[in-house]
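In structure tokens, the next block holds one chain alone, the form predicted alone.
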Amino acid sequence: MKLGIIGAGKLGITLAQLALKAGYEVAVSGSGDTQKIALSVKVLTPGAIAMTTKDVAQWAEVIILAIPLGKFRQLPVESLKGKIVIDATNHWPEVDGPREEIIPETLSSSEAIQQFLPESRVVKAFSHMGYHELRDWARPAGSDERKALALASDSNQATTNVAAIVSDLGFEPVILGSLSHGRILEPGQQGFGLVTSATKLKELGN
């Protein structure tokens, strides 16, 4: 599978490393000129390709948003049509400003992104753990130490596809429900920061 990662920060690089280890083809984009990230992508994620965001969106079958929430309106809507888009964003006031100035209080981040990308299939995932936890806790299927990672989506097929990616990258997928359930995974909510078993994580969706 061709996996695209929009965002070349610590989260994006960590996800690229995990995906490469799992055998995926990976492309990464940052903000601005590709040359700005080409060297770090080559050194930190050997085998991955540095591309522009538009090229990543066109090239990949599944795209992960590893960007601050406030940047989602800069995404290339046309290039993401028909694609599965994994929302790994989080709202950080020091970067984004007040949340209510970005999206309505009544919406989860994933619902807002789905509205912005109406012809994409959005899945919330890879957001409630920090990059260091994703890096340190990835384990193969069947491992006693394997941790759970939550998903939320309005698309059953997209959920199935992303659950397989979550498993490949080293975590037990737990489906919480629709995109509205993604709110409990955001900063300040009960699911954010959880590094736990599938049994305990499933309780959030009840």
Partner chain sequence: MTKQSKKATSDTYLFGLDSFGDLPTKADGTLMSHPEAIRQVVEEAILADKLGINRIGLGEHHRPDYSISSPETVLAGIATRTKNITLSSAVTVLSSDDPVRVFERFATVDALSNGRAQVILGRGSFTESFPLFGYDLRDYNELFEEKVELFSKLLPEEPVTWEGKTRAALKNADVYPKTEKGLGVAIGVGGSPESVIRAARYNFPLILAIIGGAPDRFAPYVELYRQAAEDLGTTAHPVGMHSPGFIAETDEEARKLAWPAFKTSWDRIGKTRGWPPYTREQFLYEIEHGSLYVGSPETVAKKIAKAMKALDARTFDMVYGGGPVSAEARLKMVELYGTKVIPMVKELLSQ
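Positions refer to the first chain, counted from 1. Predicted model only: the values in this text are computed from it and were never measured.
Although not depicted, the form predicted together with its partner chain is the subject of the following passage.
Output flag, 25, 76 and 118 jointly within 4.5 Å of its partner chain in the model of the complex, heavy atom basis: Checking in the model of the complex: none of 25, 76 and 118 is within 4.5 Å of its partner chain.
Contact residue in the model of the complex, from 49, 62, 163, 44 (heavy atom within 4.5 Å of its partner chain): Going through each option in turn, the one that passes is 44.
Stretch in contact, per heavy atom within 4.5 angstroms of its partner chain in the model of the complex, of 49 to 57, 175 to 183, 150 to 158, 34 to 42: One stretch meets the cut-off, namely 34 to 42.
Residue contact check: residue 81 to its partner chain in the model of the complex, 4.5 Å heavy atom: So residue 81 does not count as contacting its partner chain.
Distance check, residue 135 to its partner chain in the model of the complex, heavy atom within 4.5 Å: Contact check for residue 135: yes, within 4.5 Å of its partner chain in the model of the complex.
Exercise: residue 131 in contact with its partner chain in the model of the complex, heavy atom 4.5 Å: Although its partner chain is absent here, residue 131 would touch it in the model of the complex, with heavy atoms inside 4.5 Å.
Its partner chain contact in the model of the complex: residue 100, any heavy atom under 4.5 Å: Although its partner chain is absent here, residue 100 would stay clear of it in the model of the complex, with no heavy atoms inside 4.5 Å.
Stretch 75 to 104: residues contacting its partner chain in the model of the complex, 4.5 Å heavy atom cut-off: In sequence order, 92, 93, 94, 101 come within 4.5 Å of the partner.
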